[in-house]
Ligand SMILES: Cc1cc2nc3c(=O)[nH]c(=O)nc-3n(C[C@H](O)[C@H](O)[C@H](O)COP(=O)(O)OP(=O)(O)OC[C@H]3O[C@@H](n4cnc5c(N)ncnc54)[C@H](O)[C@@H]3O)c2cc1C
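Okay, so here's just one chain, in structure tokens, the form predicted on its own.
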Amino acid sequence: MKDHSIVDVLIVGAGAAGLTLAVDLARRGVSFRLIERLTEPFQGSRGKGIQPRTLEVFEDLGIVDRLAAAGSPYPSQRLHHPGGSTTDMQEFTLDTGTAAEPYRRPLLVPQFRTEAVLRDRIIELGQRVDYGVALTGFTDDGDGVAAQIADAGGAGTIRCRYLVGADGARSFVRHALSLGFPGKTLGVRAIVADIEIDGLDRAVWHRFNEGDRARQISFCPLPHSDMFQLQAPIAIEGDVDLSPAGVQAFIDARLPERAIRVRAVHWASAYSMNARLADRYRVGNVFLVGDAAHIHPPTGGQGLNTSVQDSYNLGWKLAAVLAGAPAALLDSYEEERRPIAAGMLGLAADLLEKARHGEMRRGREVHQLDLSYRGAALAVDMPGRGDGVLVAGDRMPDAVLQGAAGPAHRLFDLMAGPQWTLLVRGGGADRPRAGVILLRIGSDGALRDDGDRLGMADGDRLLVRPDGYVGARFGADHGPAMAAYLARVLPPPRS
């Protein structure tokens, strides 16, 4: 390899976080390379739950229907009791979608399928993943980063403006930055495996010996396949035989009365559960996203989802600064995302403790619809506006708006894409500018909010960020303040 390419962004790691960032940058026309040290895509089911907020993200990226087709709703769980009796239950809260929250239940999609859908989207956008390419070192000189890479053909260098470490819990990028990764090992070690078996029906998620850490085991049917995901706690120390014969012996030891036969093991891993959070998410021109910045126990299905939303937060900010927006915009990434990860770590650890006693249920708290950036630097509410329905920093809800010509429109459809959205209630002299679309709502506008779902008073201006959060609220008399806000987050207008 004698690669001396120049790109805007180098993404290291092609898991869910790196792939999401690549999709977002590709649709914005940002030049990047996405490298992955593994020679082929990950083939395990590890992160299999897509939460409602992440489904909204994937809708904006153009892949939510493909993911739904590749997955399924979560099945009911069947608790198998001593003596042979069973109880069927649903661990998840499965609410029906609403106009404001179109997705109200998690989607079961094995991680390898989620990543395959993201890779296909990258190819559609004219880009690709470079497998078998490892980052071996980098130097940040203030103006950019010189990254040393290597593949089977030799070594080379990539010059980039920004480097993003999406390279997992053992992140080379984080170690090279000498960043602390404080937290704790949670005293739980587990096996997870994708297996084909005979002896269990695929209509439910089977759970045995709940609350008994020495014998607990579960089998979740993976959609559109012959596989189950096996999950079970194991001893903290000791080798684990993950061969088909070893997995068979493992199942037989925990379920001696069952006639479960292992036909194949497609992927298996034994791992210790940790809860850790990087000291920083940014050093100079280098950023961390996903498991490189935070690792979670699997309870609650928060890890992959938090990782995807890291990238969704960072992508638009990188694109804006590369196009000329103030560099200080990038400081908001760590300010907004690190507290979110800290909260998700606490939630997942709490759910893990409940799961140890067979008491875990997962409701709205895992859906991530209520996460907010209130109080952060980019969340601006004008004095005297009051809280109202929408507060700067909160997720922007969807809504059905009545078109003046007759057909109704989903707000999410109108806002879709990489730009900001300015919602204006009533008349005014607002004019669109590059990077912002204008939607005028009211009796004299193209759209009507007949149910007052958005809670906007006459004269209100609502700026919605590219990642679907309310950036700022202004009144009709706050034109200069709104212009000053936009100058913080957008490139200067072209003359």
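All residue numbers are counted from 1 along the displayed sequence. Just so it is clear, the structure is predicted and the values come from calculations on it, not from any experiment.
Quick note: we don't show the form predicted together with the named molecule, though the next part is all about it.
- In summary, the region of this chain contacting the named molecule in the predicted complex, judged by heavy atoms within 4.5 Å and restricted to 55-63, 39-47, 455-463, 22-30, corresponds to 39-47.
- Interface residue among Leu423, Leu118, Leu304, Leu318, judged by heavy atoms within 4.5 Å of the named molecule in the predicted complex: Leu304.
- For the options Pro221, Pro397, Gly168, Gly393, the one in contact with the named molecule in the predicted complex, meaning a heavy atom within 4.5 Å, is Gly168.
- Proximity of Ala134 to the named molecule in the predicted complex falls within the 4.5 Å heavy atom cutoff.
- Heavy atoms of Pro298 reach within 4.5 Å of the named molecule in the predicted complex, making it an interface residue.
- For Ile441, no non-hydrogen atom is located within 4.5 Å of the named molecule in the predicted complex, even though that partner is not displayed.
- Looking at Val192, you'd find a heavy atom of it within 4.5 angstroms of the named molecule in the predicted complex.
- With respect to the named molecule in the predicted complex, the three residues Val12, Ala17 and Asp291 uniformly fall within 4.5 angstroms at the level of their nearest heavy atom.
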